[in-house]
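In structure tokens, the next block holds one chain alone, the form predicted alone.
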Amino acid sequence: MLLPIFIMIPFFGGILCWMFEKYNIKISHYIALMIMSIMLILSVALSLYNSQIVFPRMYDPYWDFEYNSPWISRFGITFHLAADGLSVIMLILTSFLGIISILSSWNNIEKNIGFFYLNLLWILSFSIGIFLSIDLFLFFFFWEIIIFPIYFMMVLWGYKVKNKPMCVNRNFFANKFFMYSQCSGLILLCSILFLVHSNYVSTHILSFDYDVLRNISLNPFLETCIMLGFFLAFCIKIPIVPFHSWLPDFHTYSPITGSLDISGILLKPAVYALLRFNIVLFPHSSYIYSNIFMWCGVITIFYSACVSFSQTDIKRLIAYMSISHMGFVLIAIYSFNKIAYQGIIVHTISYALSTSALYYLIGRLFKYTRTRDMRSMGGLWSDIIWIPGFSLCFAVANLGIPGTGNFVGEFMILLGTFFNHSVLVCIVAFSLIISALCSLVMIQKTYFGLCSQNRNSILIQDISIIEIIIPTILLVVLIFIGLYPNIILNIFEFSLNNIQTIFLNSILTTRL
């Protein structure tokens, strides 16, 4: 019963925030913060307990924690949740960024605070559901339902451009996000149904269970078609070029807290799903098409890095840089190398922290300057006593400077991929120069040069303690991961071993 609690606590916590709003507006803040603090403590306790039992179970290929209950038995659907080290590390990341999201919205949300926290906690609850679901129908359920709180958050609290036509307001881009997500969900549902039907035809067992479906044998053509369906559904959400256009628009018009959630939490389920489902369920076709997918990653890296140069909105610039980094993750996933897989997780966590910090700092910058257009900024370094320094730290962290978790993640990805794809890695390495230039351009245009508008320097220096605490915590965690990555690597080592072992066994069996 432990695993369902992780989904239920933020779900009912969101309802409590909404109910108690009418009694006291501020109480919703404290309820939300308490809920996510409990979640973080439980997640860390789960990882500590997992580390104690992992040694005697090091040859056990199955789950560390599991919950299974009948749901729609007629169709073979169960409420099946399970967790290993990979799931646990995602729970910790979700809970930690949930606390950061709540703190970042502490004094910024002025209307419908209870309903805002209901949506935020439901996003976190459904994200956890994605990370824990082992029944594919249950996974699809959480994959789809998470769209609605995100949509409401953007429509009700997103960035509003006054006196602009419909095509440039937040409702339009919320609908765009909704349509992309619906397309992803429809493709995923069809692929799941084909997979379940194929299993039923060959075994006469109707089941959506991951443990059952990963052992079926499909003919090559059918496996390729279903695998491509899963891959396309997940790539829309990562996103990979050419399915990326929703992300920059979403970041531009979403509230700061929405951006934190998207960059820190909501892009991770797709990465997790590619590792958990595509590699394990379809090892043969994944291996055959791996080179094509890796070149898709290369195109994504260079295209997004080049497009980010032309951006004038600082949030769009960071959004395109995020897409570029997702190309690194895609390459590593299809390298089928254990070191690269470890690099994916470290890189994903570190990049989530540094990007979330940058979005938070942009929010503070917007509060003081009322603009995100870099052409209207400049000369801010001496006017703001803390934002430029933190911005520079997180910008260079995104580049993978040694001493941060980003460096460890990128190095492991490139090293692991280099063993079998040395030419491709050499080409990708040139993108690091473009990324470095993008970050330098962002810092130069925003904080150096001549002032482009009249500002009230007194207001800019009027800061609260919480505005210092949030980036400080994120920076400390980022450096801690960079200096002691083994703490994270030990948590998910055996779960990645399982994924790679299942994949290699399938490939070797085929060759024999």
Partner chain sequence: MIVTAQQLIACSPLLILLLTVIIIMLFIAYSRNHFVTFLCSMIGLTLSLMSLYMVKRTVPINITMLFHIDEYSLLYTSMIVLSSIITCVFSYLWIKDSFYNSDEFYLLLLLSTIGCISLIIANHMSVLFIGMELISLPVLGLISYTYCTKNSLEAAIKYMILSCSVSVLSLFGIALIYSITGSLMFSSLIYELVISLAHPNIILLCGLGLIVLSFSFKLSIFPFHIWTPDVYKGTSSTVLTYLSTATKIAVFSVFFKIFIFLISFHVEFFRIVLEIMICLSIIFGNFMALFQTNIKRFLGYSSISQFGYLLTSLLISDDFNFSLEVVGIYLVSYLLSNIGMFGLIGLMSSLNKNMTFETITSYRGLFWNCPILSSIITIILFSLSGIPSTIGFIGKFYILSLIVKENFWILGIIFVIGSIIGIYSYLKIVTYLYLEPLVDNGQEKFVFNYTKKVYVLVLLIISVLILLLGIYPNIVIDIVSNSEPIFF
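Treat the numbers as computed from the prediction; the structure is a model and nothing was measured. Numbering follows the first chain given and starts at 1.
Only in words, not in the display: the form predicted together with its partner chain, which the text now covers.
The candidate site formed by Lys26, His29 and Ala45 is entirely out of contact with its partner chain in the predicted complex, as no residue has a non-hydrogen atom within 4.5 angstroms of it.
Remark: of stretches 296-304, 380-388, 152-160, 360-368, the one touching its partner chain in the predicted complex is 152-160 (heavy atom within 4.5 Å). Though its partner chain is absent from this view, in the predicted complex it lies within 4.5 Å of a heavy atom of just one residue from Asp313, Asp249, Asp211, Glu144, which is Glu144. Out of the listed residues Trp106, Phe178, Tyr289, Phe411, Phe178 is the one that sits within 4.5 Å of its partner chain in the predicted complex by at least one heavy atom.
Among heavy atoms of Asn112, some come within 4.5 Å of its partner chain in the predicted complex. Its partner chain is not shown here, but in the predicted complex it comes within 4.5 Å of a heavy atom of Leu189. Interface residue remark: His421 is not counted as part of the site for its partner chain in the predicted complex, having no heavy atom within 4.5 Å. Of the heavy atoms in Phe75, some are within 4.5 Å of its partner chain in the predicted complex. Residues are counted as partner-facing when one of their heavy atoms sits within 4.5 Å of its partner chain in the predicted complex; in 192-206 these are Leu193, Phe194, His197, in sequence order.
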